[in-house]
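Shown next as structure tokens: one chain only, the form predicted alone.
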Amino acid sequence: MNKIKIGIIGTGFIGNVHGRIYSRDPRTEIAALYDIVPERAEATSKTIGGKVCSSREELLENCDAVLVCAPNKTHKEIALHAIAEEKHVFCEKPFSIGIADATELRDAANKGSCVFQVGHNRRYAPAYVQLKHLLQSDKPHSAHVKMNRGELVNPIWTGDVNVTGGFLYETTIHLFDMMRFQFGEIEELVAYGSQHEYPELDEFSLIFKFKNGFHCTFASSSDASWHFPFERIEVFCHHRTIMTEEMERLLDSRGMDANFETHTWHMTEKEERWGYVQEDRAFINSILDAIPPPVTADDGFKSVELVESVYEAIRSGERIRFE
């Protein structure tokens, strides 16, 4: 079997995470690397292999599948280029910035003949897979979701809206996608936001109502300290609470006494615990088996739509309804 040749655009932290995974997959070969800082690509090449390319065009000539791991605001342009060259695309979150760009990219991806997968890794994390499994047999009533950061200082670009597109795009979008994955499609939302530490809206309190009647509250702060767990979902069922703690543990409390079960993944390697190994495997499976990827361009678009709808609700002071 010919190996799928992988090209990575953007060899920072996440590009190296995916690169290491694919360097161990017998079905793939790290073929090409490109970064606007050539020294970064050269350092990556020394650890996982791959030709260091001097341009995006050169990279596209030397691969079958492209990993878009560059800064948020570049995703649309790079992904459109790869689609036009008929390459399979794995696009890290966020899918794009803004509704107009997200619409353009979604339509191009859906018209293309190759696989297009969006990097919402949380869907594959064992803690969230277990949560979804448990909710198949017990109808949830409501939930409280939080996704905080301790700061937007390290790395420095996390606090630069010109790179991230806004705090919600950089961090919170992970659990916006997770809400749809766990609870279904959203019907309406109410949002409140404020600005405190950084030159953008950086504190959010949200209420979501879903089309199936489910509802939840959602909190996201940019400077909440790194108090564990900074990412949590608490789901409330009939005399039952199921609670995740980061991607380390899941607690399941049933009945009316104080007993609960604990599921833990602290001994699982981080790349698997956070779902990166599984999502990368799914991307190659989709290519080889000619099947739709589990996280599509439509899913990516809906995450962007949620982010933009929250910002619009705060600007307008009105609730946002979805068709």
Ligand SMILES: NC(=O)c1ccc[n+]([C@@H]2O[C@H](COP(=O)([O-])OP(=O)(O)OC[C@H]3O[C@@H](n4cnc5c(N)ncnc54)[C@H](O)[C@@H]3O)[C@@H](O)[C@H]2O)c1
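Predicted model, so just to flag it, every value in this text is computed and none were measured. Residue numbers run from 1 along the displayed sequence.
Unshown form predicted together with the named molecule; subsequent notes refer to it.
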{"property": "In the predicted bound form, the residue from V66, A32, C69, A297 that sits within 4.5 Å of the named molecule by heavy atoms", "result": "C69"}
{"property": "Contact assignment for the named molecule in the predicted bound form, among L152, I78, M179, L131, heavy atom within 4.5 Å", "result": "I78"}
{"property": "Complete contact of V37, T74 and R122 with the named molecule in the predicted bound form (any heavy atom, 4.5 Å)", "result": "yes"}
{"property": "Stretch from 89 to 97, 237 to 245, 131 to 139, 185 to 193 whose residues place a heavy atom within 4.5 Å of the named molecule in the predicted bound form", "result": "89 to 97"}
{"property": "is_contact(H174, the named molecule) in the predicted bound form, heavy atom dist at most 4.5 Å", "result": "yes"}
{"property": "Partner proximity in the predicted bound form: I9 to the named molecule, non-hydrogen atom cutoff 4.5 Å", "result": "yes"}
{"property": "Y276: touches the named molecule in the predicted bound form, heavy atom cutoff 4.5 angstroms", "result": "yes"}
{"property": "4.5 Å heavy atom contact, A313 to the named molecule in the predicted bound form", "result": "no"}
{"property": "Interface residues of 175 to 205 toward the named molecule, as seen in the predicted bound form [heavy atoms, 4.5 Å]", "result": "none"}
